[in-house]
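Have a look below at one chain only, the form predicted on its own, in structure tokens format.
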Amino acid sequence: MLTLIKNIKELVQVEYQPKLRVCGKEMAQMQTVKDAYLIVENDRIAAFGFMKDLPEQRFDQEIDASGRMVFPTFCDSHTHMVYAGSREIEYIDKIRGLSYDEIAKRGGGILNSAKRVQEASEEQLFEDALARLQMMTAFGTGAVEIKSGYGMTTEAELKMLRVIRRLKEVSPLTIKSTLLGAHGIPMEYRGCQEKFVDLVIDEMIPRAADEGLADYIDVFCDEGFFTVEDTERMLEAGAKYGMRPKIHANEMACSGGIQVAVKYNALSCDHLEYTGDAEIACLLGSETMPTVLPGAAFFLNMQHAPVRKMMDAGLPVAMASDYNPGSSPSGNMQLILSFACVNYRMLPEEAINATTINSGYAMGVSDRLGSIAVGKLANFFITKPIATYEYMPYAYGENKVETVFLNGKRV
């Protein structure tokens, strides 16, 4: 199947020599082709260039993109979008002044979602999550990492991971699964959380591995959650089964989570509101992608991660949605793109790099997604007629996506 997208106003985020990630000052650089064509062969990008250089050949289908732009689809490298029910009552509690910690201590927060997941059927979780994936796709997302973590028991965590496996089987999106057994501490383990860590190590990790359910392992290493020592024990257990880490770190405090992420060669460490000079120095030269979650910081009215300071030091930065019912109830990556520019003062080019190639790296897929490059998967979207690519983050209240292609097919 040979498909031609022609008369593209501007083809955005092209790469002639593909990279796995973009760092530091390079994040402000982005290549585009104006008055462009894009050729797709089956599920891959076969060629692109200026319309004047379009080769003469027959195509199975042609799409005229006059007045429209083409972008690679977003890679959303951090979500919790398998869950049961919403938590708008806690949203009202936050408005009334209760803190995240206060809500959690009275059984809200993660514990609230855990109870609902434990009671929900696998089929209901699957149907709800599939609908969310379809919504995310409509806003331009083509790859997503999904974590467990709302189970809090072995059976419920495995149920979530089985749902993610089913989503992989039926969805055209590229999906990665992460075992987040250590997302919170159940009430019955308060005061003896080392026993819950034992449960994660002795039951959750081996059983998830036996069924081939998890690509990665994650731990919420932060103040009020799991300690560095807890985290190291679980990461070492996961490593025995080939699970590379992706760490929740430094959302609540300078917890040591970034240092443990680098020590264990985590693919990413995420949140990072509390990131100082020592943490930045630790990340420099590592293979760990600093990943910021603007939706959670916005929704919880938290301080912002020092993104500019990170980039000025030479670090790469990724951005993801953190789609979940408690602290970031949106999987709209166009909104994350806007938050990156407005709240973190990123240039549009930096924000696009953060939500495509770098977020692709943060979920282990930037070798085949995250940019327009020959040989990569044909995951891209065609915009509605827009004037400039800067319009994408600027117009935060509307969906600028008209058509989405995943694996070379219109969805």
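Throughout, we count residues from 1 along the sequence that is shown. Since the structure is predicted, the reported quantities are computational estimates derived from the model, not experimental observations.
Absent from the display: the form predicted in complex with a small molecule. The rest refers to it.
- For the options Thr174, Thr137, Ser327, Ser255, the one in contact with the small molecule in the predicted complex, meaning a heavy atom within 4.5 Å, is Ser327.
- When the small molecule is considered in the predicted complex, only one residue from Arg165, Arg244, Arg87, Arg132 comes within 4.5 Å through any heavy atom, namely Arg87.
- Heavy atoms within 4.5 Å of the small molecule in the predicted complex are found in exactly one of 228 to 236, 200 to 208, 152 to 160, 247 to 255, that being 247 to 255.
- Residue contact check for Phe339: none of its heavy atoms lie within 4.5 Å of the small molecule in the predicted complex.
- In the predicted complex, no heavy atom of Asp76 sits within 4.5 Å of the small molecule.
- Contact annotation for Met310: none of its heavy atoms lies within 4.5 Å of the small molecule in the predicted complex.
- The small molecule is not drawn, but in the predicted complex it has no heavy atom within 4.5 Å of Phe71.
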